[in-house]
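A single chain, nothing else alongside it, follows as structure tokens in the form predicted on its own.
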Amino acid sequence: MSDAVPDLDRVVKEIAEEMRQRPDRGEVASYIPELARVDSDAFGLVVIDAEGRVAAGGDSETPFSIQSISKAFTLTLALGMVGDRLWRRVGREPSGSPFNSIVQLERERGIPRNPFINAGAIAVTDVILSGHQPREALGEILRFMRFLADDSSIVIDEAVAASEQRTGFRNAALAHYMKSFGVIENPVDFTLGVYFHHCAISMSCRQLAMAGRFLAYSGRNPATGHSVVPPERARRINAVMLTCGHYDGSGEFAYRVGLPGKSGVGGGILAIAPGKASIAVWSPGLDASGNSHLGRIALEALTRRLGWSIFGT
């Protein structure tokens, strides 16, 4: 693109072309029927720097279901509402278990290990719901996403949300179990309804990278200079993303990519290069941990070529 940094634009387009040609694409999330229909050959990558310049490659404008990437934004909202009191209801440690594990939740008496596994995100959603009707809480989440991305066209994919509600038995079990310990305060059906719908928000790589900019610049929107969250909070959200953002594949992602990131089973990953850029990648095929297979490989290539790993070149 003409407004992008030339070298960065070249690197992004080269990586997108390399990923297009790779035969190993992972497996789409077939347990959610609507996601099973997504074209596994799709790939998009967008990098946005502090000046708002965009480098894009592949299917960068194609909307996809962001799924668990929404949990980075609901965590931000919940911390804004209740501050550090949130950590009484959810932990901050890596899980080392599948994202929908019930065994771990039982062992820890209903307190989810972190806000990015399903149980933790349901608990965070319950915090946002408190004092609101479900439609109001969902509207607040959607308005926040549109505000961050500066794009009012972002919507919820109702077909995906309905598909998740029809098949979300494990999430219902997690929520009811937490309810028995008082971790969930609202009616379980209300909390789950909001949870399924915010996971079904549909965004393109460009929109997602725009929405994540505040995490790359100490909580500030670099386009307006306005503070979204205090710098300390942005730093802490990034820390949890680094250690917990990819379920039981978080250590591998940190090892390979070296950036805070949050994945979703729709095949998207939001990655943050602090002080440098906000990055979004999408490839629907997943690895065994439920993270985008080619997305992780593409981000590893990007950080290696640009020297952007937070651990050094």
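Note that residue numbering begins at 1 and tracks the sequence as displayed. Just so you know, these numbers come straight off a predicted model, no measurement behind them.
Separately, the form predicted together with another copy of the chain exists; it is not shown, and the next lines address it.
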Would you mind picking the one in 118, 238, 163, 202 that has a heavy atom within 4.5 Å of another copy of the chain in the predicted complex?
238
Ok, 54, 254, 38, 32: which has a heavy atom sitting within 4.5 Å of another copy of the chain in the predicted complex?
254
Taking the shortest heavy atom distance, is residue 18 within 4.5 Å of another copy of the chain in the predicted complex?
no
My question is simply whether residue 59 lines the interface with another copy of the chain in the predicted complex - judged by any non-hydrogen atom within 4.5 Å.
no
Residue 225 versus another copy of the chain, in the predicted complex: is there a non-hydrogen atom within 4.5 Å?
no
Answer for residue 113 alone: is it within 4.5 Å of another copy of the chain in the predicted complex, judged on heavy atom distances?
yes
Contact test, all of 22, 73 and 290, partner another copy of the chain in the predicted complex, heavy atom 4.5 Å
no
Location of another copy of the chain contact in the predicted complex, chosen stretch of 63-71, 255-263, 277-285, 43-51 [non-hydrogen atom, 4.5 Å]
255-263
Does any residue in 155-192 get within 4.5 Å of another copy of the chain in the predicted complex, counting heavy atoms only, and if so which ones?
169, 170, 172, 173, 176, 177, 179, 180, 181
